[in-house]
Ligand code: BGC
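In the form predicted on its own, a lone chain appears below as structure tokens.
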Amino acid sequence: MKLTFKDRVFSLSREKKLATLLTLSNGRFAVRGVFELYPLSLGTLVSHVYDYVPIFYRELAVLPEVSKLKIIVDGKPLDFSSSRFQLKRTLSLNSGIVEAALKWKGYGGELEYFSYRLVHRKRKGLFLINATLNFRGYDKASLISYIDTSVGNYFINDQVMIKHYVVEQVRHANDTLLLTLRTLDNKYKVSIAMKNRISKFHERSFFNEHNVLGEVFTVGGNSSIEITKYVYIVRNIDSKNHAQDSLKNIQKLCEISLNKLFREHTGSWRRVWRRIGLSIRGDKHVEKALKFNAFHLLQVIDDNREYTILPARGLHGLGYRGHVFWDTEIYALPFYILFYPEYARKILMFRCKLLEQAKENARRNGYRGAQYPWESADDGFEATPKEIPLDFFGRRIIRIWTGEEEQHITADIAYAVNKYYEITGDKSFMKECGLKIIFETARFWASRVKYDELKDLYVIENVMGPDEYHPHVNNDYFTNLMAKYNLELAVKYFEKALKNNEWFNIVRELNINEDEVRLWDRISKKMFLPCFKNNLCEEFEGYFNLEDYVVQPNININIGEKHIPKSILEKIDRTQIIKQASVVLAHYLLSDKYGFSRDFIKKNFDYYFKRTTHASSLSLPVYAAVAAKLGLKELAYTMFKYAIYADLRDIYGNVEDGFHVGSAGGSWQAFLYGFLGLEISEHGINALPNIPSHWRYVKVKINVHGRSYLVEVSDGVLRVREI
């Protein structure tokens, strides 16, 4: 299955978008999809490598660009601004390869160029690009293979750049280039080795000038040549001898046949698709879009490390500075749980690794237990800026409240831990840290709530829910319901631990006593939820008193805020307009836990759908899933298509900032839990399909409790069997 993109003119904005769509990664590092001959370098993103930055605390560091090649004919570089050319690039989802085919005419001659590139799925440090060139009509040509160290992170706008690295060493010996660098905080060191193999050349020379270093090969003007560029990247967290290891590995890899490296990589991807086994007869476009989302979700997991840092925009760009949000646990994690539970474990292990930092966050804020930050970098402390200047003089500043008030992420992570355990039965994970997360987050909520004597209920004041248009609210429905569930989980697992000696050791280690558990139980039973006798739940306490405004008057989906009058936008926090699924999301996540009726869910769906802008890419997948479960097939399918094409069609206009990890995971949830109607718990698998009428046959393979199942829908009947 392939995606093809064609160019006849060079467009900077289009190229930045394609840089995301054509990104190749193996979870260790990512090479963005800029065409290697274009005059544009966006750098390399290496997982875990963060550095300090003003305002944004820590951010993923852009490291030197490693993919670049340059062609010079008769002393002139290829000109893509005025010369005639045809460029076709193809991403093969089946094999994890990007191919490029270029025909270029200019300076009295012409050339043909074909290349393929890969970031090796199994050999974690390896990027390679193989190119074949045919020159005609020139007296002399040069081919340059280089690394660009001029790149860095743009700060606030494109006029100011911060380089988060210092080049410590450049060495060229035995036709191999070694570049060693360190981040400014001295926490990370990265070594990059490059070696070129070329079929024929007249002269070969090394150069290092103006932040560009590499090799120049002089060839005949009318000739055909082939070059393979090998790059090997090693971090100090992989090896103390990272420089030596990068050199040793690149020498070893150059001795292995290109075909063998190619087969290893493509074979690994073929096994991935066999394991997922997706097929949708009657809607191949949707099948391709789902596979595109799965491809990029699977690319960002390093299966050789104990834990994975999964930023909201992947390793595909610098959106949100490479920070980790609730997108990971609530939207992306369910995809991994069902298809690659071993990857889901690695994602949750990141939260395990930073549990002590979450406890310190709670202590700093005056609470007990563990409070996870709204935005996480590599160190686990709050990375959300409190203010963002819009100009260099600080005259215009946006105040950011999410880091202080969007506290539901703590309950979201506890929810994800339980979801993982229910579907996998991974007792060792719960013993290692899953129980600790659930207990310590419950402790946070027990210290965070306040008893309201007039209500005779527990309340949570001064928060922001998923909506994000309304800061400083009391009793946000989503937050309160998720906190209630978090506390209930802690009570449930305490009771389980009483019957399990290994688990009870965790209880003793954390000094949990029965009085504390009784408090958790009492708070959960008396948590205030702003719902009314007419089955309508309030976004937050006082929400129904705000000015009403309908965003979605009919089935035609209005995405974003462009359809809202300026007069309304200026006072949006005083209206009932919400940004994304919130009450609807709460019912989607917890309907099986609390037995919400169909009428209850639909009444709230109908009310909030009309008032939601879907300005967040996380919104439409949830609405699509719930609509499908409600049997609203036409509406569900419309929203589902928006969700699955969020990146491919750049629906939100920001794909150049990276891949929408949460939206991609959410689109798979809409497919699995919405249209297929899967209901999976520790008790087994149930399903009630609501697939579109033109889907003649659907199949997919999932993993539950260590066993593989084939899920098929044909003639409206769903069958699940172990394979």
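Predicted, not measured: the structure shown is a model, and the values here were computed from it. Numbers follow the displayed sequence, beginning with 1.
Below, we refer to the form predicted in complex with beta-D-glucopyranose (BGC), which is not included among the displayed structures.
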Contact residue in the predicted bound form, chosen from Q552, S524, S616, N418 - any heavy atom within 4.5 Å of beta-D-glucopyranose (BGC): S616
Heavy atom within 4.5 Å of beta-D-glucopyranose (BGC) in the predicted bound form - residue from F381, Y113, Y320, Y138: Y320
Proximity of Y608 to beta-D-glucopyranose (BGC) in the predicted bound form, heavy atoms at 4.5 Å: no
Touches beta-D-glucopyranose (BGC) in the predicted bound form: W374 (any heavy atom, 4.5 Å): yes
Contact of E440 with beta-D-glucopyranose (BGC) in the predicted bound form (heavy atom, 4.5 Å): no
Interface membership of E538, beta-D-glucopyranose (BGC) in the predicted bound form, 4.5 Å heavy atom rule: no
Segment that reaches beta-D-glucopyranose (BGC) in the predicted bound form - one of 290-298, 325-333, 562-570, 150-158, heavy atoms within 4.5 Å: 325-333
Stretch 577-591: residues contacting beta-D-glucopyranose (BGC) in the predicted bound form, 4.5 Å heavy atom cut-off: K579, Q580
